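Below, in structure tokens: the form predicted alone, a single chain.
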Amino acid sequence: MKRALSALALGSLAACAQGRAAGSTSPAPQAAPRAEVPFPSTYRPLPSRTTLIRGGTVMTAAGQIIPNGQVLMRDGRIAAVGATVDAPADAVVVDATGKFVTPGVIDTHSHLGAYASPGVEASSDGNEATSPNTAEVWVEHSVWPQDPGFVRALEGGVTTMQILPGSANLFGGRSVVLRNVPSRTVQGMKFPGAPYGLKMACGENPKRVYGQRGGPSTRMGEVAGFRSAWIRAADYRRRMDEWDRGGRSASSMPTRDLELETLAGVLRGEILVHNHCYRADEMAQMIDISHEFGFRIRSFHHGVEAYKIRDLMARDSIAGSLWADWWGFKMEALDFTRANLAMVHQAGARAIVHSDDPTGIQKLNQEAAKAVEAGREAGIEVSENDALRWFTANAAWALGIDGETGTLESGKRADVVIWSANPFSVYARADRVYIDGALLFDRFDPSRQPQTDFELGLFPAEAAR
């Protein structure tokens, strides 16, 4: 099994050697900050073969559920989906009769790699809890690609995930969107072209961490901290924009500020805001702050009271990355209903089921099923297609990658899961997982069940020879 993983990794590394022209790695003094890509993605799809999946129930997450359907993957993309599909004679045919075929699972809220397994202090790198504002940190610099959690997530059908810094700070830093593939480096996992995110947090966490350390110690102190930072960011953006318009002379370039670069990127719409926030009144406050400074919140995370402001979320196109039934573990998480996801969906906002957990990420399909049932008990019917979108298409939108993945449609990346049963069944397991058309996991083929080097002690004796 180790050899199998090594083969996969070598394939990726060979592709990395081809280089990527996403940006300069040696920025010249004249280069504008927003044109720089200091840690560009080196991800290249693993080798794949033209593959036809036939005979299963194909759930596209784009409105179609096709009994006895077919999915053709070619050159890493979805080539065709339908009841009948023409495939080349040399296509590998996978019989999915009696099974279900969906897009790959996407988690908008994970800390894999930053809080790697085993969960000990030495591998706790998710919170730079040294200042209420650490917008300058990038979580990718904490991600350990060998975290065994990535493999466990793959076994749950997860093909893409957003890794976020933790919620200790008002501004926790930049997130990163990763492909769930083996790689020596985090750059080799970075989703090409995916925008960065900014983790923001309100409520109890920043108060608890900084209340005795100079503040903020109150919610009004938190809002003051947000507004002060955005004022500085707006000024930084103005000075940088003026420098751009003035010809970007090296001699007049404003001093770079990593914290403000990230915030200015949000103001320009280049970086998406992912806001940890539980209470409805606080989420409404955050929306007002976004209006004051002219940026958009892409998704509220956790939001146990999202159902109370679901109309505001729909109005501003703010998604809700929510749990099915986690609540009550602290004061701000008390006023919850299990129909939260269904109510947000019913109001027209994008509902997303997220994990924030290395175990929960393996079962997002089951989390969605629980939320569907809770909605049904509340009188809200959610179709299987819409519920599937909670952990595929809507999640892709929140991460700004919905043009590339999240549904089974021609031209999109071939991120596909073959489930043993209806994915909303508690008995369903991911039998096969494809990323960009490459078979990354096969429940019945040990050579396609990757393990990381950190799991050496778990390897069977024959694999260690």
Partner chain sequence: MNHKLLAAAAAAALAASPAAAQTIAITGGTVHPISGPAIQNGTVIIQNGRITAVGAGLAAPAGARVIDARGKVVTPGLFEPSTNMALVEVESVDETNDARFQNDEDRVAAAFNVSDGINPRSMVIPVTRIAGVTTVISRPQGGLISGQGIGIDLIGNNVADMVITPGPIAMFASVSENVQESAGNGTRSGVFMRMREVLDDARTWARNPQAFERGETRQFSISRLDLAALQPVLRGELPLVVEAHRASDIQTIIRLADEYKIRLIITGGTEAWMVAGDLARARVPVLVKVLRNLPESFESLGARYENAALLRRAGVQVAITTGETFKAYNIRQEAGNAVAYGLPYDEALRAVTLAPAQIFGVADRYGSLEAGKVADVVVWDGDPLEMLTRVNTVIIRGREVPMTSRETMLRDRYMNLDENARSYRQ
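Since we're looking at a predicted model, the values are computed, not measured. Positions refer to the first chain, counted from 1.
Below, we refer to the form predicted in complex with the partner chain, which is not included among the displayed structures.
Distance criterion of 4.5 Å from any heavy atom to the partner chain in the predicted complex singles out 325 from the list 242, 235, 325, 292. Checked against the partner chain in the predicted complex, the candidates 188, 225, 76, 148 yield a single residue with a heavy atom inside 4.5 Å, and that residue is 148. Using a 4.5 angstroms threshold between heavy atoms, residue 37 stays clear of the partner chain in the predicted complex. Taking the partner from elsewhere, residue 89 is found to have every heavy atom lying beyond 4.5 Å of the partner chain in the predicted complex. Although the partner is absent here, residue 247 is not a contact residue: none of its heavy atoms lies within 4.5 angstroms of the partner chain in the predicted complex.
Although the partner is absent from this view, residue 425 contacts the partner chain in the predicted complex, with a non-hydrogen atom inside 4.5 angstroms.
Look at 165-173, 358-366, 389-397, 254-262: in the predicted complex, residues with non-hydrogen atoms within 4.5 angstroms of the partner chain sit in 358-366. Taking a 4.5 Å heavy atom cutoff to the partner chain in the predicted complex, the contacting residues in 281-314 are 307, 308, 310, 311.
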